[in-house]
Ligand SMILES: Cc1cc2nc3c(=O)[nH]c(=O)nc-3n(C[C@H](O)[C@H](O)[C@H](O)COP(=O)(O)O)c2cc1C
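Presented as structure tokens, the chain that follows is alone, the form predicted on its own.
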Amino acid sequence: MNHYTTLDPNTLDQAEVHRHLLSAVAPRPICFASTINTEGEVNLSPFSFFNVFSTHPPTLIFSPARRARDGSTKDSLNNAQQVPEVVINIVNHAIVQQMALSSHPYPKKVDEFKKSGLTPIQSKQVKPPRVGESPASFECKVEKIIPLGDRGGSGNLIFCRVLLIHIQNRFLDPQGYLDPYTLDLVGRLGKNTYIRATPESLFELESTGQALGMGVDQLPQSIRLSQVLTGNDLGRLGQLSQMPPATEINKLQESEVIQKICRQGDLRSKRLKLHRLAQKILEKNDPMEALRILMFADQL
């Protein structure tokens, strides 16, 4: 049985709420935002309160929160209010240290492009420059800003309409789309922890937009309550659109592997061994064959 610690954010101070939220809601993509004020001063800052919220119209939102110590606003927000334009640059591992350097609290007139050593590239439709080293950059018009409060830690949602997209060709796959296996993206977790999307850490799930999965609730109780199968195993089986036909299940009687299992031990032992076999088949990405084995075990 799982045990929980339950917290009421209204009884915690801002720093505690900040730590719990940012540790749990992770990893978060990073908006590396370049902005400019009416005096032509450029600011470059990273924000992990960021995501894509619409593709029609194409809309990105990031949120520069007020500083916890005094509730003051950041230059990125002030600039976006003065000049409603921003370039959102994507961060990969190749520039993560320079990104971190740009997040230091430099005085207002300091150019973070120069401090970080990153290359400003003139944008085509907006005034702020984009980061030349970024694998992808989005020139945006700021459509609206929604403040969420006036205290330290209060966010300010900046709605950004994408006008142009710039992508380095070396990160495109043969179909012309960004390739997650070569992007080497970086995400933010809690505290000072980041995550790197290396090829070894990536995995793919079967598409959920095709055949409708029958659901875990349609599996026999003996499978749902298996002492071997995990929740992920059951979820994979539930993505199948239908149960295997009885004729296919009965064919397993001819399998030497199945026959060997069925000749040894009591009924419980046989079923456990068949469930372990089905789990190995699932690991090889053959859920229908795994379900056939599980259904055969259920009929013993």
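Throughout, we count residues from 1 along the sequence that is shown. In this text the structure is predicted, and so the values were computed from the model without any measurement.
What comes next is about the form predicted in complex with the named molecule, which is not displayed.
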So in the model of the complex, is the named molecule close enough to Y194 to count as touching (4.5 Å, heavy atoms)?
yes
How about S226 - does it come within 4.5 Å of the named molecule in the model of the complex, if we only consider non-hydrogen atoms?
no
Would V131 show up as a contact with the named molecule in the model of the complex if we use heavy atoms at 4.5 Å?
no
At 4.5 Å between heavy atoms, is P27 in contact with the named molecule in the model of the complex?
no
Which listed residue (N92, S76, S116, S123) meets the criterion of a heavy atom within 4.5 Å of the named molecule in the model of the complex?
S76
Picking from R151, K141, K144, H104, the single residue whose non-hydrogen atoms come within 4.5 angstroms of the named molecule in the model of the complex is H104
Pick from 230 to 238, 43 to 51, 260 to 268, 247 to 255: which stretch has non-hydrogen atoms within 4.5 Å of the named molecule in the model of the complex?
43 to 51
In sequence order, the residues of 155 to 191 that place a heavy atom within 4.5 Å of the named molecule in the model of the complex are R188
